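Below you'll find only one chain, the form predicted alone, shown as structure tokens.
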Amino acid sequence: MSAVPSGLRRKLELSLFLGPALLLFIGFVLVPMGLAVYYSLYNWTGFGSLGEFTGFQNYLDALTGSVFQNAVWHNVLIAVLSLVVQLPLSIALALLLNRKLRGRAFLRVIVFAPYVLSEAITAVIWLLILQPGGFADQVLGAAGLGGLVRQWLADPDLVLFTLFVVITWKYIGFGIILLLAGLQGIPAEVREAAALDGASAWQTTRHVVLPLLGPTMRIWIFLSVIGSLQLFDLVWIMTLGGPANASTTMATYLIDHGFKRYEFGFGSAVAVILFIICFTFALLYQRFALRRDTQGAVG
């Protein structure tokens, strides 16, 4: 029996290992994406026949609607706040937890624990804390700060910032652990050389550690922005996008119209817009920010 040619054997191996994953990707990613684009061109309720063909009218209605425009702004605001608040805080805590401290392992567990909780559990916990007369109000009252008590989830001017506090509590542990991994990948010899050259601890951190931590920070920024653009679970459970659409995001807007109001064609158009926004950001970020980190790895 003749041996199988090496070229054919390689193709068979690739087909065997990549085939199942490729079929799953096509069936659960590409096909649903194609169906979403198709349904977005119709005025469809999700039941029965597709109804009237509307072309790109659903896209125009979404893009020109004030509620969707505000939803986009809310997503962008959460992303900006994440970069301005969460990133510096994550770096500071990671630098602190990277030192030799008593109980360092326990502190790392405490910091990372909220990230392990599901979004549903986190939302329910904070709903109980932030309800009128709840734990947050009781703590402020006991500290003599009763004048600061607010309707945390019912004030249109405050609700989005309240949600950002919850988001920070939930996800900052992931950023800290990611940055800790980056810090531990920096050779100790680099810091020792900087110290021998007379650099202070702050100068070493600023001019040596942070530049070497750049690739890790860029990965965190990418994940944070994409997560902010796709924000749904916490907002939907805690506020349903209210009050008066003050905390609506693109994802909650999509679900509200697509599944609660049975505007499935319109919801599909919003889903396509959300995908285009995320995909465009991912491409641009890969091109201008992550390219320097991946060139050496794939070159």
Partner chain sequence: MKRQSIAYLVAILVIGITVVPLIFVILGGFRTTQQINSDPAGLPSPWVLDNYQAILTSPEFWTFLGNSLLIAVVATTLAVALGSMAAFALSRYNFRGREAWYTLFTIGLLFPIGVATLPLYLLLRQLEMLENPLGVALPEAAFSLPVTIVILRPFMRAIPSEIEDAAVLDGATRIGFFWRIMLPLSAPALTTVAVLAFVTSWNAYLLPLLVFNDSGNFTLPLGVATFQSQYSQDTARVLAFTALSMVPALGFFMLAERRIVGGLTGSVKG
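If you superpose the two forms and keep the largest set of C-alpha atoms that fall within 1.5 Å, you have the rigid core. Note that the structure is a prediction, hence the values are computed from the model and not measured. Numbering follows the first chain given and starts at 1.
Below, we turn to the form predicted in complex with the partner chain, even though it does not appear here.
In the model of the complex, the partner chain sits beyond 4.5 Å of every heavy atom of Leu284.
Although the partner is absent from this view, Asn245 stays clear of the partner chain in the model of the complex, with no non-hydrogen atom inside 4.5 angstroms.
At the 4.5 Å threshold, heavy atoms of Ala193 stay clear of the partner chain in the model of the complex, well away from it.
Contact check for Tyr42: every heavy atom lies farther than 4.5 Å from the partner chain in the model of the complex.
For the marked spot (Arg10, Ile110 and Val116), a heavy atom within 4.5 Å of the partner chain in the model of the complex is present in each of the three residues. Interface residue among Gly198, Gly133, Gly144, Pro211, judged by heavy atoms within 4.5 Å of the partner chain in the model of the complex: Gly133. Of the residues Leu148, Ala188, Val84, Leu128, just one reaches the partner chain in the model of the complex with a heavy atom at 4.5 Å or closer; this is Leu128.
Taking the partner chain as it sits in the model of the complex, the stretch 237-264 comes within 4.5 angstroms of it through a non-hydrogen atom at Ile237, Leu254, Ile255, Gly258, Phe259, Phe264. Once you line up the core between the shown form and the other one, the Cα of Leu284 stays within less than 2 Å of where it was.
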